[in-house]
Structure formats: structure tokens, C-alpha cells
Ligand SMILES: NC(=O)c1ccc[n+]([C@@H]2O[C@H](COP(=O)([O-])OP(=O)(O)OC[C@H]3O[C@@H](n4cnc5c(N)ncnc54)[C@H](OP(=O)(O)O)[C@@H]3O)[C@@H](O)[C@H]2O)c1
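Only one chain is shown below, in C-alpha cells, and it's the form predicted alone.
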């Protein structure tokens, strides 16, 4: 079968190659991939790819071989799935606990944008706790995770201030429920009960400065790839006290498939809208990866396997 393989080249980081079609193991289904969504984290891994590793964590398609143990969806089912790797291919084997059924009204392209970004946002907010009436600051709100955070937090009753680089992207965040949008964290009018920070660098310190006394900052990513230095003397003019929590989306007691089913249900009900800033054929993957790495795509990119 055809698959996209790492090249180690900065400009053309993947190329088509022929690999063996996977044989699903116990508790796995074989999915014929219709669409996948690359993410920025994968662009970084492709800079120095590990031996035998192939990218691909966010896919949607059709089950062509059901699990031998009878678990999971049947052959012919439309699904969205979150394999640990190797999804940028014609077929991928996925554990049945990382798959969710996909209703006919949700296109494969829409579903492919859900897994990594959607799971991250859903679990960040679960970590944060009750949101009704809380003032929430979201940095990097124009990214794939950021759009989901804004819409989910607003839907849970939070007063959301989003940080976005451009007026065009700001307008979309307002449509998704943001009460205010600023172009720099320094312009955000705090204090905030909760800051959701995924950029790193100076952004984290600036967000922490705007946290209310005994408020919380959840750090879930470092999109800027800049190290964070905290100046604790800034507590004298900032929050006076705050909790900083590190978040990892894989640290969850809820199986991926169950959380994917929640995301699918919200999309089907019109309560969650995946933001897809780029679509195309998987023949365009290298260019899309460059644009993702340079933060040139709003929300998610989705590519179809054709």
C-alpha cells in the first residue's frame, strides 16, 4: 500500500513509499483512510524522525476488517480514529478503544480534524473544572486546539478572552463564543480565574501575570518552541498566588474512543465546529506541513487520501 514516509528533509519532510498493509492485532480494526489531519507536533517530530516511525494520529475512514475478538465497530462502519502513529497511509490498524462511530451527516474531512486537537481541548477543560461564570483567558486561540477551547469553554458558561494574531481570525473566535479578542496577551484585561496557555515563551509569564489571586494556569503546550522563564518577583504586582498545572492529553482515565464519541456527538448537535483552515490532497502534504510549522494555517489542516 501507499504511505507517506519521513525523509529527514526540512522542505520535503515526507515522500510516498510502498509498505506492507497492516495486519490488525487482537482488539484492533483495520481502517481504510479517507482523510487525515496533520498537526504541528508531527512537523517537529519529522525534523529528526525516529527509525521505523511513521506519522499519522488523526484519521477518518471506513472499517474494512472488524476486530477478531468482536469488539469495536463492524466492517463497513464509518469511523474517526486516533492511532498512535502510521495514519498517513491507505490503511491503518487502530485499537478499538481509540475509535468512534461516525454518523453519515459528518464528512470524513470534518471528523479527521477532531482527534488530537479535540481530545486535548476536551481534557484541558475537564482538568480545569467547573467553568460557569469563570473568566477564562485562552492563548493561541487561532490554532486547532484554541478554537475548540474557545467554543467549548463558552458553551460551558465561561466568559472567554481569546488571544489571536489577526482581525480575520478574531472575528471567527467571536462567532464561536469569545466575549473579547485581543492581539497580545499584554492587552488582555484581567484578572482571570483560569488561563489556558499553549504557546510558551514570554506568553506564559504574561498570562500568569493576569491570573486572579488563587487562580489557575493550565500549561498544555509550547507552540512557540521558546523556553519559559518565570520571574517570581512579578507576583508582587501580579496574581499574588496562583496554581500552575502541567497538562498532557494522554494522561486521561477516559479511553480515546469514548472522548471521540463525545466530540462527534457535539459536532452532530451543532455545538462544536471544527475549524479547518486548509484542505487538499495528500499529495500536498509536504507544503501543508511547512505552512503548519510556520503557523500559517488557521485551525486544522485536513488532507484526503485519493
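Positions refer to the first chain, counted from 1. Predicted, not measured: the structure shown is a model, and the values here were computed from it.
The form predicted in complex with the named molecule exists for this protein as well; it is not shown, and the discussion that follows is about that form.
Notebook entry, point to check: Looking in the model of the complex, is the named molecule within 4.5 angstroms of a heavy atom from every one of 146, 198 and 295?
Noted result: The answer is yes: all three residues contact the partner (heavy atom, 4.5 Å cut-off).
Next item on the list: Counting non-hydrogen atoms within 4.5 angstroms of the named molecule in the model of the complex, say which of 165, 171, 230, 74 makes the cut.
Entry: None of the others qualify; the residue that does is 165.
Notebook entry, point to check: Among 205, 127, 222, 110, which has any heavy atom within 4.5 Å of the named molecule in the model of the complex?
Noted result: The residue from 205, 127, 222, 110 that makes the contact is 222.
Check: With the cut-off set at 4.5 Å between non-hydrogen atoms, does residue 122 touch the named molecule in the model of the complex?
Finding: So residue 122 does not count as contacting the named molecule.
Margin query: So, residue 154 and the named molecule: in the model of the complex, are they within 4.5 Å at any heavy atom pair?
Written below: Output for residue 154 is no: heavy atoms all beyond 4.5 Å of the named molecule.
Note to self: Whether residue 26 contacts the named molecule in the model of the complex should be assessed with a 4.5 Å heavy atom distance threshold; does it?
What the structure shows: Residue 26: no, not in contact with the named molecule in the model of the complex.
Note to self: Test of understanding: in the model of the complex, would residue 41 fall inside 4.5 Å of the named molecule by heavy atoms?
What the structure shows: Taking the distances in the model of the complex, the answer for residue 41 is yes, it comes within 4.5 Å of the named molecule.
Item checked: Segment that reaches the named molecule in the model of the complex - one of 90-98, 127-135, 185-193, 213-221, heavy atoms within 4.5 Å -> Answer to the contact question: 213-221.
Next item on the list: Using the arrangement in the model of the complex, list in sequence order the residues of 244-267 with any heavy atom within 4.5 angstroms of the named molecule.
Entry: Stretch hits, in order: 247, 248, 249.
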